[in-house]
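As a starting point, one isolated chain is supplied in structure tokens, in the form predicted on its own.
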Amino acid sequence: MAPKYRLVYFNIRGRAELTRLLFAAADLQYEDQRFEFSSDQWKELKPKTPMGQLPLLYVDDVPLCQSTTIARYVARTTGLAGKTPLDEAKADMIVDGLDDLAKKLLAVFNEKDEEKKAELQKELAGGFLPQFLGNYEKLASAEGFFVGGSLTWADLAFFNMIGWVTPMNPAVLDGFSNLAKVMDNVQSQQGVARWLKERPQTKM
């Protein structure tokens, strides 16, 4: 019998959205349990979690934490991790490399001083992003996949991460045709397209 999945996180996209995209792409049913930051539910649950953090994925009654671990598990379970051990490693490389961009974005989002925030945004757009995207452009195929000629969690992770950049710079992928094709492939995938249309609208 297939396990039951319950994903527990706050009512935002945040660190759980990649896993939600994976479930959507695989058309795999799960319970998407959400609550607000100030919710009594979280205050009651926190001491019972493995590391005092969210997201959590319950596989039947077994809790998993750490967002990348959760996403990687779902990718493997659904056949989206890569078809061979080498493909899996290449997909992991793409996903892990996105942490560099995530750190830069978090620095911008968390900066309270507007002048410093503007400086960080300028540095991100003018220095870091062109080089970062140039490297990823070389890693993506002209068909719009990072690994093996078909959709993997690497494509979904890239799509999810760039979704945090485009509100600041809608033209960020201009000149990166392979990466633009990755985005097109992900958002046109049937399950993902349905999820993007139906998912709760949140600020983050």
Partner chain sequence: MPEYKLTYFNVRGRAELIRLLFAAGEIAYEDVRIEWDKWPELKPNTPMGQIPTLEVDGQVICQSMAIARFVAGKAGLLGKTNMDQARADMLLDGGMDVGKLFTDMVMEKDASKKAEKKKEFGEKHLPPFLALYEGFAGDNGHFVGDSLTWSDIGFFNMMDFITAEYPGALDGYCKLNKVIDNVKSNPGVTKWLKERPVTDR
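These numbers were taken from a predicted model, which means no experiment stands behind them. Numbering follows the first chain given and starts at 1.
The form predicted together with its partner chain exists for this protein as well; it is not shown, and the discussion that follows is about that form.
Leu86 is the sole member of Ala125, Ala118, Leu86, Leu106 with a non-hydrogen atom within 4.5 Å of its partner chain in the predicted complex.
The single contact residue among Ser177, Asn135, Asn169, Gln41, judged by any heavy atom lying within 4.5 Å of its partner chain in the predicted complex, is Asn135. Within this chain, Ala102 is remote from the site of its partner chain in the predicted complex, having no heavy atom within 4.5 Å. Under a 4.5 angstroms non-hydrogen atom cutoff, its partner chain in the predicted complex has Gly97 among its neighbouring residues.
At the 4.5 Å threshold, heavy atoms of Ala142 stay clear of its partner chain in the predicted complex, well away from it.
Although the partner is absent here, Thr69 is a contact residue: one of its heavy atoms lies within 4.5 angstroms of its partner chain in the predicted complex.
Across the options 47 to 55, 32 to 40, 154 to 162, 169 to 177, residues that bring heavy atoms within 4.5 Å of its partner chain in the predicted complex belong to 47 to 55.
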